[in-house]
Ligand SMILES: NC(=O)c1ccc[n+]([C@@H]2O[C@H](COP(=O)([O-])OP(=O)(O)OC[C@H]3O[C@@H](n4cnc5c(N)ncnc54)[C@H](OP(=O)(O)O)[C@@H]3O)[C@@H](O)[C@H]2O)c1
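Here you get one chain, nothing else, as structure tokens; it is the form predicted alone.
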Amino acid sequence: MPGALVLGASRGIGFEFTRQYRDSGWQVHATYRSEEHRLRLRDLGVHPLKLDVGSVEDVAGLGWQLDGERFDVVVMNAGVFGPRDSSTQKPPDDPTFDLVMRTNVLAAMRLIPVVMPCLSAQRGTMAFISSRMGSISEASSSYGLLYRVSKASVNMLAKLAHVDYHATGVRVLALHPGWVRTDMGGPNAEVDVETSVEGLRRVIAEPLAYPSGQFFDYRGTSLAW
């Protein structure tokens, strides 16, 4: 039975990844923060794992919880948007900067060495849920400045993880889910979460068509860094 680990599975895209992999017969481990979300994941029939990505202790504790586990896919999904009106004219304050960058970037840096052993044995795929808003080449507005900067950093992190781990057989992708109708994306977003995750799972499932070290959207379109 194939296995997946979804980091940041309490709601939205992460929860939908969890649901779709579970419905496809995968064994799924998924992280949560609150008791309400633990129960929701348990009732779905997956293995819930408590993780606050901002806690060094929780990240370290995840390592021993995963000792001996093997995954074909790890989805790095935990993240926050931050102030939508941040821009070059309105930079964030220190606490907001720390929250977004620690959640979106530092947490991923800390999690890579924790979960990578679970992937190496399977020669699996690590998928970073990024955003087209993190593309430097395609930047046309500073709206959502802090989120854009954090996702540009995530893209660099994905590229460097590819450089460091490709020789072990692990495939690393940066993925843009589209503008998705979730709590983060809002009700007016362009694509429903089911369609987005179905597309992302297709990209993850086809290593020959979508090679390691690249940036793709949920339709399989290659994106510029």
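Computed from a predicted structure; not experimentally measured. Residue numbers here begin at 1 and follow the sequence given.
What follows is about the form predicted together with this ligand, which we do not show.
Participant: At the 4.5 Å heavy atom threshold, is residue 147 in contact with this ligand in the predicted bound form?
Facilitator: Heavy-atom contact with this ligand at 4.5 Å: present for residue 147.
Participant: Is residue 184 a contact residue for this ligand in the predicted bound form, using a 4.5 Å heavy atom cut-off?
Facilitator: Residue 184: yes, in contact with this ligand in the predicted bound form.
Participant: Look up in the predicted bound form whether residue 153 has a non-hydrogen atom within 4.5 angstroms of this ligand, and give yes or no.
Facilitator: Contact check for residue 153: no, nothing within 4.5 Å of this ligand in the predicted bound form.
Participant: Is residue 176 close enough to touch this ligand in the predicted bound form, meaning at least one heavy atom pair within 4.5 Å?
Facilitator: Because a heavy atom of residue 176 falls inside 4.5 Å of this ligand in the predicted bound form, the answer is yes.
Participant: Which residue, 157, 46, 170, 180, is the contact with this ligand in the predicted bound form, using a 4.5 Å heavy atom cutoff?
Facilitator: By the 4.5 Å heavy-atom cutoff, the listed residue in contact is 180.
Participant: Just one of 22-30, 162-170, 52-60, 66-74 has heavy atoms within 4.5 Å of this ligand in the predicted bound form; which?
Facilitator: In the other structure, the partner sits against 52-60.
Participant: Mind listing which residues of 75-106 have a heavy atom within 4.5 Å of this ligand in the predicted bound form?
Facilitator: The stretch touches the partner through 77, 78, 79, 80, 103.
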